Structures are given as structure tokens and as C-alpha cells.
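So this first bit is one chain, no partners, the form predicted alone, shown in C-alpha cells.
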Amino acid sequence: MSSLPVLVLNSGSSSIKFAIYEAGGAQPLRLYEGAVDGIGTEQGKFWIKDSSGNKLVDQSPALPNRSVAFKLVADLLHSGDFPRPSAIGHRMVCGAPTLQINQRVTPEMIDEMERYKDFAPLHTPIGAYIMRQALELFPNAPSFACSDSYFHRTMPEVSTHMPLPAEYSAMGVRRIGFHGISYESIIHQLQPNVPARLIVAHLGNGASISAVREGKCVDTSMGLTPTGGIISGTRTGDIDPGVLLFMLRKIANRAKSVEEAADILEAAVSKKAGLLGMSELSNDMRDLRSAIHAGNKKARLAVDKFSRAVASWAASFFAELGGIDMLVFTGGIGENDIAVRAEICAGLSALGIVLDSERNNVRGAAVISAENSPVTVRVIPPAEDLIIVNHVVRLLSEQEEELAGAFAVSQQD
């Protein structure tokens, strides 16, 4: 097969991560990876390194906005020093109820995505912006949106339907689920021996957990938005709706409009809550661990709340799956926080989970359960970029087949 450079773009609220893969061979090979971090702050970073980990670019530019940030990436790829992409894969955190499948990016698709920006307000605006820029700056490279919701499309209605009046369901209010590309990558790495009853915990600044039966998602913790489910770095996780009503009434007294009140409430539950709000210190688990060692009780309470929430969701999924064969930790916290894995598993011992403390004393991929544990516990780093590349290659192939079919029909006519 001829050369097929694929650019992967993964945009966040203050960063743009990217990677360049050669997808023309039997297996995709990552050639370069990089990021523009600290968008909108005074600590901007722009770096890129090769497949051996050597840094080729390491700058600290001013990054006042996403336009300046993405132009750095585009200029780099147009410089001639790196492969020009033949196709582009975008991580779509949340498209819309109508955009659950992976598909080619068009202006109309982005319009539909933006109609539901309130479902993921920290991610959708910048994701949509990057997609539009990619269409303009790389007109000869088709862009494809790879949806986090795609993995969760197999959830039954009893998992997705929310107990609300029907008019809100008609507006698209349902459990959508997030971190789907990460979950897909775990299933991919477990092939061909995917356990029948699997629970995967993606634990990072954003945290979620999913129940998987025979390789297909049956339930997940995050709901309509990433704010639901497990307490995260700055998000509440599930919370009594009455609390939100109480907060809204207090906020309404000082807000100038309904929209301003909604923005203040959103910031309170999505940007100022979670580990940060409880600890009044940081949303970074590493900072909280240091504070705990120094005797900080608020940090201890925040981490305990986190571990307990993960264990509670895992226990509920145990009941839903009718048992568990394997528990997988992934994400930055899941891979690197030895103590939080131990704390979570200690709360799940009644389910047959026995951790080996020596095996657990590791960062990165490992089996950390004891030999006599009825349930296998593993740490598996996600491989989201690889999944996006695989989807792009598949969608390109399907597109070529459709064009070939259309050409054959036209010749017959």
C-alpha cells in the first residue's frame, strides 16, 4: 500500500494534541506527536517529538486564543519538514444525539454538532472550530470525526433513558457517555481474549467507568454531559438535583439574566467543584497526595470521596453484569496512582477482587491482582490515537468502495 500519513487531532479546553501516523502499512506507525498547551494562559507550550521521543520543537509561545494555537500546528505541517496529511481524524467528544457514529466531517455536520454544544461546553466549541479550520487549511485531506459516543451506542434503553418528562427526551436528553475512544482502545488491546464481564475505569482529570458485556458497552457513569457520574478533577459527578435548584435560586439573585445564571451554575459544577472544590487546593491527584502526606484533611476527604465513588459504581456494574471477570484501570490517575487503585480495590474485596501490593507498585501496563484473585485486575494505558487512525482508514476504504460502486453503476447506465 502507498504512503498514507494520517493526522490525529484531539482538542481540549486549553490544549490541542496532535500526532502523525503512517497508516499505509499492515499496522499504523506513529511518526510524530506533539501538543499546544496552555491556550489562553501565560504558560503556553508548543512541542513535537519523533517516534524515538526526541524533541524536535520545544517552544513557549504566546497563545492568547485557539486561532493562534492551531495556526502553529498548521504552519508546522505546511513547512515541508513533516509529512502532509492525506487524511485527518478528529476526536469528537460529544457530537449530538444525531451524531453518534464516526463519519466524514462536513460544514453541515459541524453545524449539527454546534446545536448541542451545551452537552459538552468545555470541548465542543473548540472541537468544532478545529474541524472548520482543518477543512479550510487542509482542503485536500478529508477530515473524519471519531465520536466518543460511538462506543456507548450499544447501551440498552434502560441505561440511556432518563426519568424525566417525555418533552425533554424529545430534546435529546439521555445518557450519552464519554471517554468512548479510550474504552474502545482497551477492548482493542484485550483482543482476542476480551472477558465476558468487564469493568473499565478511565480515571483522569475527567473520570468515568463503564460496564462491558462480550465487548459491548451496556452502561456507563457519565450521562448527558461529562459532569455526571464520578467526582472528577473539577466536576461534581452525580449530585442531588435539589442542590442545583438551591444553587440556581441563590445565583439568580445576583445574575443579570437567565443565561448569566446558567453560566455561573455551570462554572460552579464543572470548573470549580470535584477534587478542586472539596480540597480547596488542586484538581491534580499528585498535589493532593503530597498534601495528604503533609496532613491535609480536606485533601484526604476529596481523595476518599473519589475512591469511594469509583468503587460504588463498580459495585453497581457488578450487579448489572451478574459478576465480573476483569477490572481495568486506565487514564492518567488509573495508570499512575498506586494508592488510589489500592483504595478502590479495598472497597471491592467482597466482589472477589484481591490486589497484590507488590504487583500494584507499578506505573503503566501490568496485571496487579493476586494469583488467587477470582477477578483479574489490570492496568492498561489507553491508545486513543491508534483507534482514531483505524477508524479513519476504515472510513476512507468505505468511501473509496462507494465511489467505485457509483462509477460502476454510471458505466452501466
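Numbering starts at 1 and runs along the sequence shown. All values reported here derive from a predicted model rather than from experimental measurement. Rigid core here is just the name for the largest C-alpha set that superposes within 1.5 Å across the two forms.
From this point on, the text means the form predicted in complex with adenosine-5'-diphosphate, which you will not see here.
Colleague: I'd like to know whether K55 contacts adenosine-5'-diphosphate in the predicted bound form, with contact meaning heavy atoms within 4.5 angstroms.
Modeller: Contact check for K55: no, nothing within 4.5 Å of adenosine-5'-diphosphate in the predicted bound form.
Colleague: Would you check, heavy atoms only and a 4.5 Å threshold, whether G206 touches adenosine-5'-diphosphate in the predicted bound form?
Modeller: Yes, contact at 4.5 Å.
Colleague: My question is simply whether I333 lines the interface with adenosine-5'-diphosphate in the predicted bound form - judged by any non-hydrogen atom within 4.5 Å.
Modeller: Flag for I333 set to yes.
Colleague: Would M285 count as touching adenosine-5'-diphosphate in the predicted bound form under a 4.5 Å heavy atom rule?
Modeller: Yes.
Colleague: Just one of 114 to 122, 193 to 201, 295 to 303, 336 to 344 has heavy atoms within 4.5 Å of adenosine-5'-diphosphate in the predicted bound form; which?
Modeller: Looking at the partner contacts, the answer comes out as 336 to 344.
Colleague: Please state whether K55 has a C-alpha shift of 2 Å or more between the shown form and the other one, with the rigid core used for the fit.
Modeller: K55: C-alpha displaced by less than 2 Å between the shown form and the other one.
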